[in-house]
Each structure stands twice: as structure tokens, then as C-alpha cells.
Ligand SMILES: Cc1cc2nc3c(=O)[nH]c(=O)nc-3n(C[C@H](O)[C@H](O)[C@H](O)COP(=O)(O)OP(=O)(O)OC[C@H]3O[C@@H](n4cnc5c(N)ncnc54)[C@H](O)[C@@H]3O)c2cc1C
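First comes one chain, alone, set out as C-alpha cells in the form predicted alone.
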Amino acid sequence: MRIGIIGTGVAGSLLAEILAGDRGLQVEAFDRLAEGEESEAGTGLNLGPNALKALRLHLPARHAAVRRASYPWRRWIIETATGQRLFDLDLQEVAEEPGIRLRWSELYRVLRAPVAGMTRHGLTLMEVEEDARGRLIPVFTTPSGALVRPAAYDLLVACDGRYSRLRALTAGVPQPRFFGVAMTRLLVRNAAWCPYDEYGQWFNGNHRLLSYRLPGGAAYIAGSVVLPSPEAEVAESARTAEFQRLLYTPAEGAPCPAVAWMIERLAEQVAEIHWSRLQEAPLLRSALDGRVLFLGDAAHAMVPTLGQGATQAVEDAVIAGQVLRRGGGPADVAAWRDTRVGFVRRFSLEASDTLFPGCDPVAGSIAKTAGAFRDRLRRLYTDVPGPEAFAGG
């Protein structure tokens, strides 16, 4: 069986690695970026304990490598902008091991290293053709504009992200659902004076800051801005230092040291802030009668509240790898994954309640200390099957 993987982000790199040693499979991967171009990609991210469990069970060498490249994520706190503590959780009360926090560029480096020899870079997917046997031929362009048709594949796997070109070509562009909240992301490269370390969230009304330190002396800051309506775009007036200061400065009382530090960084680096809108896309696992498989954000882009986007891409990749190595296909991947993904998407959206107007973020955050929320976190962080679950497949 010949498999072509489009995109070598989280899901694509891990899938290629887990399939590489199977003699019955010919695997090739393609990425639109030039080799090394991703070295400064993105900002920061946290991978949940369930991603680390998936790697530990299925790709232990990769588990060790990402641990070495990251800081552990052991604790989750929620406070008001003035410093009132609302929620404080040791993750190992609900998980088997800590999560991690690191820069996107470091995660890409660690995940792509084992599959560098089977990846072709600098190729942008343009079309998908079909040969006389019904196999799929991806058509790429090079930076010079030349067309490349590398081979015909029995299966193409879309690992090219939320705006997947392969999904658009084979199943149409998905219609996203927006929620009336804009999200901001900022990397602070010099965070020597950052007054906190672990994963924290701070609320000023429904506007939330989320932040944590990263390896290399950096810190990641994510913000949220309530929009006038679900479909509203981000106004230019929001992209100013003054707006950022007002957004997170409490009307009564002084901001706590953590929030004060973040406000200054946001104002100083306002031109570097990356903006997006809170959204999710419909779950779709396959197309073209099972000749195309969707993984990660290409299959199920979700809201980022529980940090499960990249984490679910990890789970997708290792489970799909086990299924494909045993002769299964997209329908079998769906059987293993889609109920789980549905739970994670619903839970992530429900956990976003404190970002929405009409919800009291103080009461909503305190409610997350209850047993029901912790029970679902435990399910989220531990319900990952190991290779032995596929032994009879």
C-alpha cells in the first residue's frame, strides 16, 4: 500500500514515523515549507497529559525527546485580574503524568527529525488527480512554479491543518462555527522578569489572559476579546496598545503582578500579536470513498480552551498509525477516534463558558473545582489506548 502524507506538522510527522518501519507500506510525506523554514514558527503551546501518554505508549523515543525539549506542565491556576484565586489544580490528581509546555518551533524540530529523510519540502498542493486504477495523484507546485506529480497513492492523508487544502479539494471547504470571541497570541522572547511560571489564567470580566513560561527564557501570552456578534470581525481599534491596557486592567483595584506584567508586554509588542477568532469546524474523517483520511485540525478543528488541538493530533496520529499498520482504513480510524473526538470537542466548548458574555467568570471558574469537572478531566487525560488494544486487529 502506498500512502502519501500531506503536511508534516504534529499529526503528519508522527504518522510518518509510526508507519516508517512497516515493510508492507510505502510512505512519503510532503510539506509546503522549505526545510528549516519552520524554525521560528508559531509561539508557544501546551500539550495535555493525554498527548504524553499517547507518545509514551506508542512512540517512547519521541516521548523522551519532547520531554527533553520542554518544561513540565504540572499545575493549572485561575485567578481574577486582581489576584483572587478561584481554581488551583495539580494535574497529577487527574492524570498519569504531567503535560508539557514548549515553543511550536521546538515541537516541530523534535517531531520532524525522524522523518526528514522521507519528507519532500517546498511543495504546495494544487490539485488531486486520479489514475486508471483509481489511485490519487497529488499535484504540487514548487517555488519556481513547476508542477510536480510524485506518484499515485492508494491513500492520501490530510495532515495540513485547519485550512487543509486536501480537505478543500476532496470534500469542500468546511463552514466554521464562530463564537463571538477573538483570541490573541504573543511570544515574549525575554521573560526574565516574568513573575510566574506554570500555566495560569486571569479574568477581567469575560476577558481572559492565559500564560506560562517556556524553555529558553520566553513566555507565551494568550488573550481573549469579546466581539459584538458571533460573525463579527476584529476591529482595527482593538489592535492598539491602549485597547490592550484597558481590556485587562480591572475597574476596581490594582492588577496583580502577573496581570500587570502581561499588560505591559502586550502594549510593548502590540504589533506582534497574532489574532484569530474562536471557532470550530465540522468533524470529517474521510473522503473519496476512503481514499483520503483526515487527521488533526484537518479533521476536527476545535476551540483551544483545554489546549487539545495539538494534543488530539497526537492521539489521531498514533491511533491511525496502529490501524493502518494492521491493514485498516479510514473507517476503522473513525471507529476508534470519532466518539473520543466528539467528547473532547464538547468538553472544550463547555469549558469555554467563562469567555462568553452572560457567564460569570468567577462563579464559572469556581464551579470547575467540583468533582464533575475533575472527573471529565480525568477521562480526557487518561482515556488513551495502548498498542495492546490493537493486537487482534
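Keep in mind it's a predicted model, so treat the numbers as computed, not measured. Sequential numbering from 1, following the sequence displayed.
The next section is about a form of this same protein that is not shown, the form predicted together with the named molecule.
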{"query": "Every residue of 11, 124 and 297 near the named molecule in the model of the complex, heavy atom within 4.5 Å", "finding": "yes"}
{"query": "Option touching the named molecule, based on a heavy atom within 4.5 Å in the model of the complex, out of 249, 276, 84, 92", "finding": "276"}
{"query": "Partner-contacting position among 334, 351, 65, 33 - heavy atom within 4.5 Å of the named molecule in the model of the complex", "finding": "33"}
{"query": "Answer range among 159-167, 318-326, 230-238, 258-266 for contact with the named molecule, defined in the model of the complex as heavy atoms within 4.5 Å", "finding": "159-167"}
{"query": "4.5 angstroms heavy atom contact with the named molecule in the model of the complex for residue 220", "finding": "yes"}
{"query": "Exercise: residue 4 in contact with the named molecule in the model of the complex, heavy atom 4.5 Å", "finding": "no"}
{"query": "4.5 angstroms heavy atom contact with the named molecule in the model of the complex for residue 188", "finding": "no"}
{"query": "Contact test in the model of the complex: residue 244 vs the named molecule, heavy atoms, 4.5 Å", "finding": "no"}
{"query": "Within 4.5 Å of the named molecule in the model of the complex: residues from 300-339 (heavy atom criterion)", "finding": "304, 307, 308, 309, 310, 311, 313"}
